[in-house]
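So this first bit is one chain, no partners, the form predicted on its own, shown in structure tokens.
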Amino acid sequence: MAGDEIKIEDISKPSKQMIKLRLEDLMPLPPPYDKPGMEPELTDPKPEWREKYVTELDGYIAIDVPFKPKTKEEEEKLVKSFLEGLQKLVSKEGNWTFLQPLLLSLEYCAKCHTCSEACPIYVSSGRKEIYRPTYRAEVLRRIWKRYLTPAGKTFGKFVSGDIELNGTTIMRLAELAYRCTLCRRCTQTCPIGVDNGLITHEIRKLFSQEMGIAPKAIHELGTVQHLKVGSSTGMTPDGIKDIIEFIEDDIEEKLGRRIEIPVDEKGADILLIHNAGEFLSWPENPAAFAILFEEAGISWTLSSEALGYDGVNYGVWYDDVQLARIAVRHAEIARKLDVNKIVIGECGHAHKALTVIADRVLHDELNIPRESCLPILWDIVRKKKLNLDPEKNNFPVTLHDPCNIVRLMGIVEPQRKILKEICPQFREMSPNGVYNYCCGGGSGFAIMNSMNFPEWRAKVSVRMKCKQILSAFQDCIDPSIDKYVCAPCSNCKGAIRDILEHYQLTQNCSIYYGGLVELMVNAMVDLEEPFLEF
């Protein structure tokens, strides 16, 4: 099928692949990536993958668990299971989190397609029809109306629009739920407030909660491992204690004096929860927090209890039950430590999970105050609790706005006020703030690395962010000038790291990345050696 000729009902029609991506169709990138040969070509899926996994959508595999039916009986069972799950999804008893906004979004789409141009995946792909924000939503809408409403059962496609529910439809819809980062830029643009991001989330939820189908990275190796051993990284309570000791040693080496990081201190004002990925991949980030909080005289502690040192909650992307289990444990640990509030470190989805969505889960004694770190960090700078020298950060810096912190929560100004104070060459991406584009690693994409999904992420999902970064630095793109992308979110940093590696932006343009607190510490007058290492 040609990508620009595809209709909604085509999702049900058997074919090897609905679309095939080609490099020449993708959104062009700015110089120096406007020349042929600057980026790797696309590849085909391996033949053995086609036998076991769903490649019938676009040839890429996000769901790395085999669920393709091999017989007619298995296909009928898959269809029956899907319809039973959908029935629960649209019932009061079966959907205790998002029923009302889901039904409103299913009822009222005007099909004006205003949202399409707001979607970075749709635009980056060369406007492939299956990636349009309304495509997967309309598939679910037609199935719901035709197979579960009285009018649809009587009048069929005259009520719902044409669509057939078979194994091919279900397999492709499952994969299609993982071609959206849930950034909700489409929702922001919709003139009547239809939430296609939520519909995508609910499709994922149906497949996970009712059918046991979800990518291993966010389920088996994500929430399941988080609840079992204490962290989605696999880090145990003993492991976090060892890493904290390592960080203390590293701080002593850089500062010339030791800072004892508070752990399990009862009665502290703040329980600081990081994304545990920071401890393993970017230990300089929790180290910078420790330095700043110590210098600013803030009463705080970390937790070494299982789950208490990992703010990650992958349930927010696909499964409300897993979300609730983790959120409750975070609140219980804070109550046990008798802190006044939980503060979330530089992790966007942890912000969303614990400070926004968890409101639907945490009641009564578990409803402990939960806040972002960013206003606290701005307060440190604004009140001059540290002696900072902006000249120490006198290199080009741009800011990535994490969707969950900025568009969802409206925390826009603290981070850029800090950068304007401590980075003389700070420049904005365009667009920015609440209109920012996703890093491309949202909703679990940054950690989904099975088979050929990383290629789709690199070519389509992160492409708009790559374009934004290059555009922000066009006046200094020469590799002799070091440049810094500030991403105050662990997940976004992972995605930007992959952008730099895939497109070789560090080698070709001297572009580096990191968090916000690292820049703050780097500006400290008392620090003799640079905290940042380019």
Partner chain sequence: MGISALQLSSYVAFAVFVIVVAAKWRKWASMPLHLRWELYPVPHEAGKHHYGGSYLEEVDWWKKPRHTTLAGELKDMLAEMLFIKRVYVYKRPLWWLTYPFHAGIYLILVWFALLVVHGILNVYVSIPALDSIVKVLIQITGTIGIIAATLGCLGLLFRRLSDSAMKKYSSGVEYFNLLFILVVLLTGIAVWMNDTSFENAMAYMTALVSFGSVEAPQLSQLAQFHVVLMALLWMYIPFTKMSHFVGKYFTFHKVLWEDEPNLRGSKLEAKVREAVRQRMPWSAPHLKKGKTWLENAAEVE
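Numbering follows the first chain given and starts at 1. Since the structure is predicted, the reported quantities are computational estimates derived from the model, not experimental observations.
What comes next is about the form predicted together with its partner chain, which does not appear here.
If you check its partner chain in the model of the complex, you find no heavy atom from any of Met38, Ala276 and Gly345 within 4.5 Å.
Though the partner is left out of this view, Ile6 does reach within 4.5 Å of its partner chain in the model of the complex, counting heavy atoms only.
Although the partner is absent here, Asp379 sits close enough that one of its heavy atoms falls within 4.5 Å of its partner chain in the model of the complex. Within 4.5 Å of any heavy atom of its partner chain in the model of the complex lies no heavy atom of Lys72. Among residues of the shown chain, Cys109 is one whose heavy atoms approach its partner chain to within 4.5 Å in the model of the complex.
Proximity to its partner chain in the model of the complex, taken as a non-hydrogen atom within 4.5 angstroms, holds for one residue of Pro454, Pro283, Gly234, Gly94, which is Gly94.
This chain appears without its partner; in the model of the complex, the one residue of Asp389, Glu371, Glu428, Glu305 with a heavy atom within 4.5 Å of its partner chain is Glu371. This chain is displayed without its partner chain, yet in the model of the complex the stretch 137 to 145 from 167 to 175, 137 to 145, 437 to 445, 393 to 401 comes within 4.5 Å of it by heavy atoms.
Contacts to its partner chain in the model of the complex (heavy atom within 4.5 Å) from stretch 327 to 345: Val328, Arg329, Lys341.
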